[in-house]
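Single chain ahead, by itself, as structure tokens, in the form predicted alone.
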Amino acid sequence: MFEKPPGLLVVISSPSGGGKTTICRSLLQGHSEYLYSVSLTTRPRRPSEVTGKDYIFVSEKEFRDRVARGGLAEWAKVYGYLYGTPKGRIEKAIKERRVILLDIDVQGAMRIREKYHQSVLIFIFPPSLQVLEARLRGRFTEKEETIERRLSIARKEMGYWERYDYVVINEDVKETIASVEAIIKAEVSRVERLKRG
């Protein structure tokens, strides 16, 4: 008889505005057994964001204290702010043999891959840079210079796709979610993963 499949870290990356957060939220609504890794950040909270649900908002001192204590699985400076993945939730998912979703950028994804063999990396591509720009502008949350910086970084991030296990083009969000869901289902059942379990 098979044991419960081993824990699986699913890293979902995309350029800012590419849809990774929407995809993660939808997957969590459809799968109560999944965990979500809430990232730590030093950036200011947006009006619509909830502390502990969207991000854990901390001061730079607290962030660096956690780094010094070894409390983060990965961290990086992005758009002038620090972002990191707390280790505790990942360790919980591995121990409980559960799927955990990590909504992180390409820098973080590469660090997770180095540390955790249980990780599967999925890159979400926007249909085009024009669509991505329209999505960023449609948020009405950032200044022009911030949008331009995000688009510049997006071009660089999209060059990382070959380092991922899967690429999904986000033309229709429902189809994209279904594709990511199918990837997770297949990865949980992979014989190689079950043998390593």
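Fair warning: this is a prediction, and the values are worked out from it, not measured in the lab. In this text, residue numbers run from 1 along the sequence as written.
There is also a form predicted together with a small molecule; it is not shown, and the following applies to it.
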{"item": "The small molecule in the model of the complex: contacting segment from 125-133, 162-170, 39-47, 22-30, heavy atom within 4.5 Å", "value": "39-47"}
{"item": "Ile94 within 4.5 Å of the small molecule in the model of the complex, heavy atoms", "value": "no"}
{"item": "Interface membership of Tyr34, the small molecule in the model of the complex, 4.5 Å heavy atom rule", "value": "no"}
{"item": "Proximity of Arg66 to the small molecule in the model of the complex, heavy atoms at 4.5 Å", "value": "no"}
{"item": "Any non-hydrogen atom of Arg149 within 4.5 angstroms of the small molecule in the model of the complex", "value": "no"}
{"item": "Ile104, Val120, Leu101, Ile90 - the one with a heavy atom within 4.5 Å of the small molecule in the model of the complex", "value": "Ile104"}
